[in-house]
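Here's a solo chain for you in structure tokens, the form predicted alone.
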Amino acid sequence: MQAVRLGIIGCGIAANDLHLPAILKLRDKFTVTCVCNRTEPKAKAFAAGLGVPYVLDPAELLARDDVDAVDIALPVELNLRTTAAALAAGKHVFVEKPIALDAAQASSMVALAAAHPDLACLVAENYRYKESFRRLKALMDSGSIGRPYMAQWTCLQKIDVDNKYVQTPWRRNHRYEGGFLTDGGVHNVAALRIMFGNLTCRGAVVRSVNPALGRTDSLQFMFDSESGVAGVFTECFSAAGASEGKLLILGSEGSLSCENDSITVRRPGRPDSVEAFPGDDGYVAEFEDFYRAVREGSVPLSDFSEGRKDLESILGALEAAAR
């Protein structure tokens, strides 16, 4: 099948560090034909590395006949406006998460996708494509630990003010609720929903430890799920002296843990079973899914409806914490 001619709108961290390496591994599926950034130095440098033209106005890129689809990697508050313009121009859309600024805009994104059924619309949620989380679900479904009943996911790290993400003004001075908690938390919510189904918030608390990171930087979120598993998700970005990223799932006959892309199955009286998924970041897989959606008309795994549910779950926890 013919390669998708891709325009990239936004030449910042996500485009450079996350999307472009995946796109370059799929040269048979994607050809970047033009890039866009509002500031010329970034646009010029990004374009030079690819040997393609650049523009400073998204409207110019969307008007090009050599662009079939766009990769939108902009500040969250620009997702709705840019997606609407792209779909109106007849372009397929791959847009960076979170899907939108708030729940209302997320619903508008879903409505836009429904109004353009001939165009592929995918939210760049790479956790939805990580093999490790799908393997965890398969292990639970196979009865490897009996009946799963409780989960605990603890994500602790300390982000310093010189971190490149903190230095991005739209993240530090965020217009979307939750800031880093939302930006990072939608990843975890997507994975939890893969494994346990939709989540219902049963309580939450937030704290602000380092105001330089935004209005809040620490969250504990208690949830029930439609599969019957209850859990706690803890996300702290100012954890001094602590670093952890471990998911633990308890079952009636054993446990599953996932840490550093490695899954361990533990059952009484039996040796531990370990499976590793090195380099399992999901970025190549999500672009492959986008390609299939564009060229074959398949429904993306991470469509706009899924992106909305991810955002609504994390926003629901933040709202519960504010009550």
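From 1 onward, residues are counted along the sequence shown. Everything numeric in this text was worked out from a predicted model, so none of it was measured.
Not on display, but discussed next: the form predicted in complex with a small molecule.
K97 is the sole member of R193, H116, K97, H174 with a non-hydrogen atom within 4.5 Å of the small molecule in the model of the complex. Only one of S208, T168, N198, T234 lies close to the small molecule in the model of the complex, with a heavy atom inside 4.5 Å, and it is T168. The putative spot formed by T39, P75 and Y283 is fully lined by the small molecule in the model of the complex; each residue has a non-hydrogen atom within 4.5 angstroms of it. Heavy atoms within 4.5 Å of the small molecule in the model of the complex are found in one stretch of 236 to 244, 214 to 222, 249 to 257, 97 to 105, which is 97 to 105.
Within this chain, C11 lines the site of the small molecule in the model of the complex, having a heavy atom no more than 4.5 Å away. Although the partner is absent here, L136 sits far enough away that none of its heavy atoms falls within 4.5 Å of the small molecule in the model of the complex. Heavy atoms of L181 never reach within 4.5 Å of the small molecule in the model of the complex, leaving it off the interface. Residue contact with the small molecule in the model of the complex: A86 places no heavy atom within 4.5 Å of it.
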